[in-house]
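Here we start with a single chain on its own, the form predicted on its own, put down as structure tokens.
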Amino acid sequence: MKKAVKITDGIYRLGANIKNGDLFEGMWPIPDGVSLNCYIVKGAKTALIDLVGDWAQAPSDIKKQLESIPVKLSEIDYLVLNHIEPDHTSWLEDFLKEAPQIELVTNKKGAALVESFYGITENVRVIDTGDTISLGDNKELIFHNIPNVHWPETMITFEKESGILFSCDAFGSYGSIKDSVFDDEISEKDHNFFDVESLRYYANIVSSFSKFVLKAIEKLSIYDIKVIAPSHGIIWRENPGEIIERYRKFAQYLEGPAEPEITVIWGSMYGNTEKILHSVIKGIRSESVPVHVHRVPDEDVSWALASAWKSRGLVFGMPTYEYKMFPPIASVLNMFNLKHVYNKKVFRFGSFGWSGGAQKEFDAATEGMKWDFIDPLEWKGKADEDIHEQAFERGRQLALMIKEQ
């Protein structure tokens, strides 16, 4: 996208799509890319809201779009840094070489991180919640701290006249932006895509901080928000309340109840656990409960985490491996613990060879996750018909628990 996109008079979106096969945060797959958005607010003075990382072609894209407004780097008075994570700021040092006159605007914690990451201490204005900067021509920026959504220094910038909330990582999504950047211009298919990718983004990036998300939503209710302009994803101008309520729902999944669905995560060495998987799924589906199935290590944990976050029930199918859990499932559980996948109804099944041991490690790994378990199912070697029947009944039992919650 070579031109800046006008949101309203004097306010523009600048953006780049990252589609070079990299991983987000060095770990999360983004097969459909991710957008990096920043914004120009132009009154008598000019502010740039957030920056981009020195990632792929992003800096050159932003420069070209500035020219299309036109705004020269030498004409920018303020660079507002809502969040210091390097996907938003790693261009900062080179950017300031071209625009040394710019005053950086961030909060106290942000200023400390700017120094830690980039050694910058000069020409930094430290602001706090409620502070404002007037740009003239009826353009006024108001700042509000929303700590731990998802870094401690995170804040938002609100432009009072237009009602635009520049929310940085809050209300964001994976996925590249096509020709249209606004919620009222994209197709139903694209809306469904961003619905799925906003959940995966939330589960991967934000879920650990869900209590802070709910606090932030409450804090931001004091503003008359007409547009939400995040740093990743589409701009919500027709229905900004939709993405706010979506994030509220995602955050409430932490305490539950989540959706009446079951996520199955499984792995099998020689097919003995896999055969029983099918009986478990049949049991779940006999009660018409939706089920999402993810095999590891074939599939990255990113997708299993997203569906597990919104599901009331979880099933883990794994064999014993050297007296322990099957390592790919152990890795999933570690991530689920880190991301606070709590308050679930859970069933675990799996085969073993000469000896068991997976269940003991599973119990230890899930201690403190507030999971409600039904009896596990284990067997030695090849499962007989009785094991298949028990597996069906366990799946059905879990489905009934999900429906009753």
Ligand SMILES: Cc1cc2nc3c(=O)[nH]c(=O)nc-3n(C[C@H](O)[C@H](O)[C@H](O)COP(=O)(O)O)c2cc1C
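This structure is a prediction, so every number in the text was calculated from the model and none was measured. A residue's number is simply how far along the shown sequence it sits, counting from 1.
Unshown form predicted together with the named molecule; subsequent notes refer to it.
**Q** So in the model of the complex, does Ser268 come within 4.5 Å of the named molecule, heavy atom to heavy atom?
**A** Yes, Ser268 lies within 4.5 Å of the named molecule in the model of the complex.
**Q** Is it the case that Ser208, even though its partner is missing from this view, gets within 4.5 Å of the named molecule in the model of the complex, heavy atoms only?
**A** Outside the cut-off, so no.
**Q** Heavy atoms within 4.5 Å of the named molecule in the model of the complex: does Gly356 have any?
**A** Gly356 belongs to the contact set for the named molecule.
**Q** Check whether Thr273 has any heavy atom within 4.5 Å of a heavy atom of the named molecule in the model of the complex, and answer yes or no.
**A** Contact with the named molecule, yes.
**Q** Counting only non-hydrogen atoms, which stretch in 315-323, 189-197, 133-141, 248-256 is within 4.5 Å of the named molecule in the model of the complex?
**A** Within 4.5 Å of the partner lies stretch 315-323.
**Q** Among the candidate residues Trp28, Tyr342, Trp55, Phe352, which is the single one with a non-hydrogen atom no more than 4.5 Å from the named molecule in the model of the complex?
**A** Going through each option in turn, the one that passes is Phe352.
**Q** Taking the named molecule as it sits in the model of the complex, which residues of 363-391 have a non-hydrogen atom within 4.5 Å of it? Please list them.
**A** Sequence-ordered list has one entry, Gly381.
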